[in-house]
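A single chain, nothing else alongside it, follows as structure tokens in the form predicted alone.
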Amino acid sequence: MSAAKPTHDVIAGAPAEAAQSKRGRLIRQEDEIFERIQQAILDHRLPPGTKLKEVPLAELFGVTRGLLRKVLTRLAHARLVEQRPNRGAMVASPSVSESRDLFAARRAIEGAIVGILGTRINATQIKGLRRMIEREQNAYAKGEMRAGLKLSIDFHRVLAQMAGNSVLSGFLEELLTRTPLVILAYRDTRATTTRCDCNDHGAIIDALETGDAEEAARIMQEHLEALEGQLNLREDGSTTDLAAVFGS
């Protein structure tokens, strides 16, 4: 009996499988580059206003300009990058009013989140949060600011996840992602660092453990107000003194 020949379907399927494999590889590359640029912004390695030039970045990541442009568009949708005609892309620079609005939104959303948690959090979750705070405190104590800042942000993110409200969690995720930009743009140069207070995080957990949702919300409000207070969010209302310029 002669050997069976490949069927037409098998032969025709090979190019389709190759194309699908290529698409999958490109999607993975796009996701990886998105995450790397996003993390560089969150880690304060890319400050507001940094130009993101397509050609050097495409060469650096070993991808086409078209793929890189897709990444920059995704970052623009996340409001981490600004794309301007004839000026290219750059890391977003939030305004003073936008920064104030961001903290106002965080206070409203995170107050609601801890309000929900006060009625449903369990002992296992409390233990997990305390372990997270311990790692956060250790990172800052060792001078590992990048790791500490990431853990500080993660604390707020985990609270939202535990609350189980996907809408609130989604809103907060966008605000948390943009908060490092605001801190970079407006941190007080006289301060050594701008970060969450770990003690406040512990006090929030203490209130949640006793089921006092109102107290947890109050502490969260004050906590976010204190973080905003570390920033220089004052409108520049200075004017040029013409008399001083032209006076004799």
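Model, not experiment: these values are computed from the prediction. Note that residue numbering follows the sequence shown and begins at 1.
A second form of this protein, the form predicted in complex with a further copy of the same chain, is not displayed here; the remarks below concern that form.
Chemist: With the partner left out here, if you bring back a further copy of the same chain in the predicted bound form, are 96, 153 and 187 all within 4.5 Å of it by some heavy atom?
Modeler: Negative, none of the three is within 4.5 Å.
Chemist: Just one of 125-133, 153-161, 85-93, 140-148 has heavy atoms within 4.5 Å of a further copy of the same chain in the predicted bound form; which?
Modeler: The contacting stretch is 85-93.
Chemist: Please check if residue 81 has a heavy atom lying within 4.5 Å of any heavy atom of a further copy of the same chain in the predicted bound form.
Modeler: Residue 81: no, not in contact with a further copy of the same chain in the predicted bound form.
Chemist: Tell me, yes or no, whether residue 175 is in contact with a further copy of the same chain in the predicted bound form, where a contact means a heavy atom of each within 4.5 Å.
Modeler: Residue-level check for residue 175: yes, a contact with a further copy of the same chain.
Chemist: I'd like to check something about residue 166: if you look in the predicted bound form, is any of its heavy atoms closer than or equal to 4.5 Å to a heavy atom of a further copy of the same chain?
Modeler: Although a further copy of the same chain is absent here, residue 166 would touch it in the predicted bound form, with heavy atoms inside 4.5 Å.
Chemist: If we define contact as a non-hydrogen atom of the residue within 4.5 angstroms of the partner, is residue 112 a contact of a further copy of the same chain in the predicted bound form?
Modeler: Yes, residue 112 is a contact residue.
Chemist: Can you tell me which bits of 103-118 touch a further copy of the same chain in the predicted bound form, meaning any heavy atom within 4.5 Å?
Modeler: Going through 103-118 in order - heavy atoms within 4.5 Å of a further copy of the same chain in the predicted bound form - the hits are 104, 105, 108, 109, 112.
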